[in-house]
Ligand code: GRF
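A single chain comes next, written as C-alpha cells; it is the form predicted on its own.
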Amino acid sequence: MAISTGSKIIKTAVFISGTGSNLKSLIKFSKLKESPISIDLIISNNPKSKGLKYANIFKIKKKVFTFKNMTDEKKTLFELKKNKIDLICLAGFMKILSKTFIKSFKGNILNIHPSFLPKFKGLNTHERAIKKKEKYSGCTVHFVNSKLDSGKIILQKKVKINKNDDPKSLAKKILIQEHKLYPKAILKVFSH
C-alpha cells in the first residue's frame, strides 16, 4: 500500500483548510533527523486559511485551489506532479477528494481524523461523541480511499471524555494528541 522509499526523503504536500496546527506540527517533524518526509507544498481550498502563513514562515511553496470543480482537482494533480510529490497528508482539509483524484494519486494519501474510527466519521465528531455519552473519543491516522474516513487505519489514540467536557474542550484535548499521532503514523508507514 505505502510507497517504498529506500532512504530517500519523501516529498510531501500538506492539504489544509483552517488554522494549520497539524501542518505546523508536521513541518516541525519534517525537520527532525529521523523524519522520512520533507514538506515541499502546501495546498488549501480556503484562501483565508490561517495555516497558509506557515508557507511564508518556513519558505514552503503554497497554492490555493477552491476544489469547487474537477478543473481544480486537475490543476492540483498537475501541481503535485510538477513538484514531484510522493505523499499527500490531509490535515484538517474540509473537502472530499474525488475517486478519480485518489486513484490518480495511487493511494499515497494519509488523513488525520478527530475521532476513534470507525466511530463518528465525517463532521462534528466531538459534538456527536458527547451527545452519545461516549466515555472515549480520540484521533485516527488512516490511508484515504474512496469511502469517507474508511481507509486502512495506521494508528489511533484514545482520549477520555470527562463529564464536564464540551465540544471545544474535547477538541483541544484531541488536537494535542493529533500533533503527536500524525508524525508517529508517518514513521510507522515509512520506517526504513
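Keep in mind that this is a model prediction, so the values were computed, not measured. Start at 1 and count along the sequence shown; that's the residue number.
The form predicted in complex with this ligand is left out here; the points below concern that form.
Listed residue (85, 109, 97, 112) with a non-hydrogen atom within 4.5 angstroms of this ligand in the model of the complex: By the 4.5 Å criterion, the partner-contacting residue is 112.
Touches this ligand in the model of the complex: residue 175 (any heavy atom, 4.5 Å): Although this ligand is absent here, residue 175 would touch it in the model of the complex, with heavy atoms inside 4.5 Å.
Residue 183 within 4.5 Å of this ligand in the model of the complex, heavy atoms: No, residue 183 sits far enough from this ligand in the model of the complex that none of its heavy atoms falls within 4.5 Å.
Interface membership of residue 21, this ligand in the model of the complex, 4.5 Å heavy atom rule: Residue 21: yes, in contact with this ligand in the model of the complex.
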